[in-house]
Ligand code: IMP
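Take a look at this single chain in structure tokens; it is the form predicted on its own.
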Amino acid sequence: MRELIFATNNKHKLEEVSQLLLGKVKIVSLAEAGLEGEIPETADTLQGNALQKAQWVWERTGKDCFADDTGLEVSALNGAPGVYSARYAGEHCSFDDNVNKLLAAMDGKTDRRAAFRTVICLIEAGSPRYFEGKVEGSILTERYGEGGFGYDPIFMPDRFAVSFAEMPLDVKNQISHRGLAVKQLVQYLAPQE
């Protein structure tokens, strides 16, 4: 089975993506690939960050790999936190810190529309290729659910009455931004299916 290094140490992302690629591609984590250190994420676009992270792995291993970057784009905040979603509340912030800052920023706002966007950069033989997924929804006024990670407890996708954090992982993977981007990656890697 083909192996791809996934440029992340985030166990939640690894779990989500591994489930989506089950039986098609073996996902190797950074730790399993013997890679340590901070991967740079200094671009000002999701595509730029995904490329930067994948190139970091490629330069150290010469093996096919992929990386993703995700942003939560909130209409009432002019697209913020966007590319800075992971560090919205500061450099070494927690998921809770980010959620608290976003809830505070949204206090009193009636326009709750938002979108999650994921860009995946796959590097094969040194050449990058991109896949993108997007899901529209809204920001809730408080946390709901225990599952997921990041902004999941306060994001409710359109046509659903629950947050991402209240959904079983298999349901979330069917509709999520990352799920949609990974499905494109799977179609590219295993087009016969």
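All residue numbers refer to positions in the sequence shown, first residue = 1. These numbers were taken from a predicted model, which means no experiment stands behind them.
What comes next is about the form predicted in complex with the named molecule, which is not displayed.
Proximity of A86 to the named molecule in the predicted complex falls within the 4.5 Å heavy atom cutoff. Using a 4.5 Å cutoff between non-hydrogen atoms, E136 does not count as a contact of the named molecule in the predicted complex. At a distance threshold of 4.5 angstroms between non-hydrogen atoms, T70 is in contact with the named molecule in the predicted complex. At least one heavy atom of Y151 is located within 4.5 Å of the named molecule in the predicted complex. Stretch 143-151 is the answer when you ask which of 25-33, 143-151, 125-133, 58-66 has residues with heavy atoms within 4.5 Å of the named molecule in the predicted complex. Contacts between 159-175 and the named molecule, taken as any heavy atom within 4.5 Å in the predicted complex, involve only K172.
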